[in-house]
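One chain is shown next in structure tokens, namely the form predicted on its own.
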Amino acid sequence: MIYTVTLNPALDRAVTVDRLLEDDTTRVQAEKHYAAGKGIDVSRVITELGGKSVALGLVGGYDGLQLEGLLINAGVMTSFKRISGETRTNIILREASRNRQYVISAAGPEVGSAEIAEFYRGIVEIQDMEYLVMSGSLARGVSHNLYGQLILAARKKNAFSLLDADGRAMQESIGFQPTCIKPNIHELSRLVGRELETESDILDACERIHREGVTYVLVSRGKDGLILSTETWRLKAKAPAVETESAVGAGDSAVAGFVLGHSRGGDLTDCLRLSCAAGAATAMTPGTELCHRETVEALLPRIELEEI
């Protein structure tokens, strides 16, 4: 079974207005709520593509219940730890007349040490874990080395661990040797401490990470596609030119495609193809909406693969 971890989930309110009016009432044209967070996005996409996963994380209050209910109604299996704080709410505001989007992101609740201990114990007790996907920012009160401890827990179960994080959380977790990491080009630059301007720079950075004991590095590069690197083999994938509505969730969708493909026994070319198609399909949807299965399937044969 694939398990995803989201330690700072959010209830996203996507609001559309015609135009923001200063010192006047702005009428809402449409509003929709989404269960959000990087790991949650991964589970949502896996479900959309016909796979199964269990979303793990920390939720609290009425908004946490609503978030969980949205996932259950969407067919996503969940096993959240309840906390005393209130799950954060983000506002995604789209100004239709100007085709502009504004994202207002809340900090989220502070998590107590007992709550973290209970969450960690729950992961240790999982019996059927084959994949553990850890994504996104850490909640307030959570140590930066928690991801490292989760990676060790996954290794004891012989599970494939994938980490998609940034900054200190990523830096302090590399030494625990996750099976795979999924940085974007900017996150990879911060991880190795220098700007990566060329494809050769990216490959050099990947080689350095492999020396740390990481088997796979999956690098997302926006419209330039993905690079998958192992110690002995590098492959890049690029989707056809598509009309981009919003890049929100595209990286999470790429993670979902890669892990789902791997769990189905696909070779690395199949995994990367599905990863690229899922990311591109999500970029074609507005706001925080994620990919649709039919779009992913239509894109799959059009993904260009090239060994580097």
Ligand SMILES: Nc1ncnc2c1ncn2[C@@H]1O[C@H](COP(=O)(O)OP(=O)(O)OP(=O)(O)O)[C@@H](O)[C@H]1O
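Residue positions are given as counts along the sequence shown, with the first one as 1. This is a predicted model, so every value here is computed, not measured.
Beyond the structure shown, there is the form predicted together with the named molecule, which is absent from this document and is the topic of what follows.
Mapping the unseen interface onto this chain, L226 counts among the residues with a heavy atom inside 4.5 Å of the named molecule in the predicted bound form.
In the predicted bound form, at least one heavy atom of G251 sits within 4.5 Å of a heavy atom of the named molecule. In the predicted bound form, the named molecule stays beyond 4.5 Å of every heavy atom belonging to K157.
Of the heavy atoms in A36, none are within 4.5 Å of the named molecule in the predicted bound form. The stretch that touches the named molecule in the predicted bound form, counting heavy atoms within 4.5 Å, is 276-284, out of 62-70, 257-265, 49-57, 276-284. Note on the partner interface in the predicted bound form: the residue among S135, S173, S220, S161 having a heavy atom within 4.5 angstroms of the named molecule is S220.
The contact with the named molecule in the predicted bound form, taken as any heavy atom within 4.5 Å, belongs to N184 out of N145, T179, T89, N184. Residues in 42-59 all lack a heavy atom within 4.5 Å of the named molecule in the predicted bound form.
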